[in-house]
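Below sits a lone chain in structure tokens, taken as the form predicted alone.
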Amino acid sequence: MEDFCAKFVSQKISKTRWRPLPPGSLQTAETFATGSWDNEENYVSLWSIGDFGNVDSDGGFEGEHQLLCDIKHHGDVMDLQFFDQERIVTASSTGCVTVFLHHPNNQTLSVSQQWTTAHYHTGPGSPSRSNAPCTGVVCDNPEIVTVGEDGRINLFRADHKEAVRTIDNADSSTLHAVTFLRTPEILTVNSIGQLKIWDFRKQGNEPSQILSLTGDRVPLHCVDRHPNQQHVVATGGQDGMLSIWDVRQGTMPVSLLKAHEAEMWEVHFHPSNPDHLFTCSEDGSLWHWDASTDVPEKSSLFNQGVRSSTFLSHSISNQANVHQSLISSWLSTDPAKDRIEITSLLPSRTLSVNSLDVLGPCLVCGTDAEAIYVTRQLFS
């Protein structure tokens, strides 16, 4: 069982993200941000894990994560991403998108930029607007893409007052999450089980590709792209299933993996070790999925809550034509590789685990139980 440090913070945590390390840096993650929701006052906060993870003389772990600074946030924090080392972008339930600037000299956060009506509903036949929650944001400096309950996609640039591009009626249903496939292309997931790919080089409001879950239109809540193989995408949804997609072929998932017992809120490939994937759920669980080829030898590492799972769904029809070494372990249908080790990371079920992030050996997650869990020991 990994050693997790829990800190109770008196607010429900909706999002948590590690601050990215400078390019070429050899240090490990030390600072993360959180956003809260469903509290009388919501906050964006920065935390340091400092000495946490250093073993003291008794063999225990020193310290816990310390609050560096925080700032009030209008509305629930629906999503949160680091734009760069100093700036954090948040999506609000009020439809506002805010860029916060961290001042390390005096450890404060300030608002550096804001698009207050990024997302809104327009009433039928009336000019009046009502706020629509901004549900997702993704950053690729200098660009910021946002999606919302209004089915709108915005492309912003840092230091520009207006949106560079808006696709007004991108979707008739709620867009829940967005990620970059490659710089001009984004991928969105919606409340009727569809993935849509959008190319900002093209004019018009039509996606360049639509993929969808067959049968029930199960809402998809989260999406992540494989860090090295941009055609490999993972999604999670209301039924707790993990879906792996190859956007180059077909319109359905390559594999469906039976997963959580309730909504999956986030899915993340490990950024530097993408055979490992992490998911969290409304059912209070946080899972580590290991699809590396030497799973059987590694099972001794995990002594708590190990489950095994197999691919349930369709295989790739033209697998034989693809050079084997180029195939991600997530797309492989070789029977020997169909075992995926799933490890439950939290010692006991809690209220909903809303968000997680991984960087190097470090993982952070935030919960409705008003707790933040951190480990620096992911692969030890």
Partner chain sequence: MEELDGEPTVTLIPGVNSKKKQMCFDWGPGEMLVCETTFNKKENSETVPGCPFIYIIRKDIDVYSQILRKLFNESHGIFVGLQRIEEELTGKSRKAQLVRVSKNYRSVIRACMEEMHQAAVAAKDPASGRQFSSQVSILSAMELIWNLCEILFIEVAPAGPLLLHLLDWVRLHVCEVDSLLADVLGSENPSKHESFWNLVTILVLQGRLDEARQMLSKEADVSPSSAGMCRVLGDLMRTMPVLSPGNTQTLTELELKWQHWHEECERHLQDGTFASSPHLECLCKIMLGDEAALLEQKELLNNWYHFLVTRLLYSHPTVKPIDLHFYAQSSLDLFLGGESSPEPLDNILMAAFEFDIHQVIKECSIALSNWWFVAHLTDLLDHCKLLQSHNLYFGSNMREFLLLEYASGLFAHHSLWQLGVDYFDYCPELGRVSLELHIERIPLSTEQKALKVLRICEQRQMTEQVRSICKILAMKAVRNNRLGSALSWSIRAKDAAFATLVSDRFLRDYCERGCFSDLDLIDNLGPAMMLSDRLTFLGKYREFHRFYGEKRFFDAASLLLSLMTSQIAPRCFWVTLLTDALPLLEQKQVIFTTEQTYELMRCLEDLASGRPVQGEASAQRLQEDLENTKLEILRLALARNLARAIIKEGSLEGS
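Positions refer to the first chain, counted from 1. Predicted model only: the values in this text are computed from it and were never measured.
Not on display, but discussed next: the form predicted together with the partner chain.
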property: Heavy atom of each of H176, E282 and A369 within 4.5 Å of the partner chain in the predicted complex; result: yes
property: Candidate stretches 271-279, 146-154, 223-231, 247-255, one within 4.5 Å of the partner chain in the predicted complex by heavy atom; result: 146-154
property: The partner chain contact at R19 in the predicted complex, heavy atom, 4.5 Å; result: no
property: Partner proximity in the predicted complex: Q113 to the partner chain, non-hydrogen atom cutoff 4.5 Å; result: no
property: In the predicted complex, H160 touching the partner chain (heavy atom, 4.5 Å); result: no
property: Partner contact for M78 in the predicted complex: the partner chain, 4.5 angstroms, heavy atom; result: yes
property: Contact assignment for the partner chain in the predicted complex, among I71, V164, I197, I192, heavy atom within 4.5 Å; result: I192
property: Heavy atom contacts to the partner chain in the predicted complex at 4.5 Å, residues of 231-265 in sequence order; result: Q238, E261, A262, E263, W265
